[in-house]
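Presented as structure tokens, the chain that follows is alone, the form predicted alone.
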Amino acid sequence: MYGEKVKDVTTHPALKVCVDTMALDYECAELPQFKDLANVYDPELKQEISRYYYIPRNGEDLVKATELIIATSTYADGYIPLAKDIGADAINAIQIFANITGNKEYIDRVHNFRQYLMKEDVAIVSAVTDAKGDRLMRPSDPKQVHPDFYPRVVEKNAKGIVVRGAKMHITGSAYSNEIFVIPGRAMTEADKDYAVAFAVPCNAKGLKQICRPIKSGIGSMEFPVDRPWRMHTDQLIIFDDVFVPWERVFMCGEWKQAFLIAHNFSLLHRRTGCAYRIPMSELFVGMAFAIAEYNGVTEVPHIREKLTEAAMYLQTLKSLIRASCLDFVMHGGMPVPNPVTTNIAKYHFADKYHSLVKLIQDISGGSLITKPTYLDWQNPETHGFMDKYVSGMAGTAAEARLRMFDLIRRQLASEYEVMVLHGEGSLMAQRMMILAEAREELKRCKKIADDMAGIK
């Protein structure tokens, strides 16, 4: 990170923030207000385990897991702690693959690894998105610059496999305990070496991670806030001939079923993404209303319209994600959120996110980017002028407006815009899945129309 090897993520000035953010999953599991939601009794182990590693049985289980993500993300000031939820999406997708194929060896391995996760309560993230290289070419295409844009098996022996390749955009892997690696796409027979899924410790020999820079605190020009700074970072993961023992391998060469894991993970992960975007959306709606009030414009007609749009954005997201859980479908003997509703939910928040940002910026006004800084507020020669001229409606202190402007700038000038657009898959990925999953419904509706038209 920053061009230097990190010796200890728990003491690194930037990564320590990420470690502390991930640790909130463990803190919430022990807090009275979250304990019953975060933990569930497992009859096989005869002990309390993390709800994330519990196999859902019905729609209510999906709702509770969603509520847990919302609760912990709210507790983390809008940041998902990330210790287990996306890893849980991966193991459930792998479980569905194993159940559908009926491969007893894989079923046993998934069961044993889930037991390990339950007992040790370790943090695990998922590595899904591949480096890809030329995106118009398949992983095995000989015209690719090299064959390692996607992780692939380069050796098999009695003890396990050796993997070479890369994954990108992997949040949290640098400070997790384990990493799930799963296919990010459908494969052909020529791609069979790339049809691989496995779990690997973060300190495995040959595993290298390159972290993107992050802002690890509030700058000197912003008003200080008496709250811990929360942040995550993403990694480029390189598998430089990493050995994986067979007991940690969950797919190896089954190219026809690679799409099963990728498809079900994307579905489960989009539910997760929608869940942790709810606290973020609540914050954004709160910022819109707060700055409108501090500017004294809440009753201006066009501002009322913008606040209405903000409220609709939030409530639509909440309703869709809850409906997707209650209207679940069964995949491989496991309930999963309704594919159509889940993808519509994810498409809704990603597609309309920039409109929400735009209306917040519009309500805020130009002072959002031209206001004086906290350093000027601290200067006794300029403080009085700011206190007099930067205040808003009667009863609103200048400091309140300045603090809100700082918050809005931090939230809207971050990586959120790209993350919301591309996290859990691009907008086109949701549109493709919506059409694919809704095809039977379209046929049913066509029959209604044909009957009404008298067409046999």
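None of the values given here were measured: they were computed from a predicted structure. In this text, residue numbers run from 1 along the sequence as written.
Keep in mind the form predicted in complex with a small molecule is missing from the figure; the text below concerns it.
* Asked: Three residues, Ala127, Lys132 and Asp234; all within 4.5 Å of the small molecule in the predicted bound form via heavy atoms?
  -> Answer is yes for this spot.
* Proximity to the small molecule in the predicted bound form, single hit among Leu359, Met280, Ile170, Val242 (heavy atom within 4.5 Å) -> Only one option qualifies, and that one is Ile170.
* To do: Would you kindly say which of Ala288, Ala275, Leu267, Ile86 lies with a heavy atom within 4.5 Å of the small molecule in the predicted bound form?
  => That would be Ile86.
* Given that the partner is absent here, does Leu136 sit within 4.5 Å of the small molecule in the predicted bound form, heavy atoms only? -> Although the small molecule is absent here, Leu136 would touch it in the predicted bound form, with heavy atoms inside 4.5 Å.
* **Candidate stretches 242 to 250, 193 to 201, 119 to 127, 331 to 339, one within 4.5 Å of the small molecule in the predicted bound form by heavy atom** => Going by heavy atoms within 4.5 Å, the stretch is 119 to 127.
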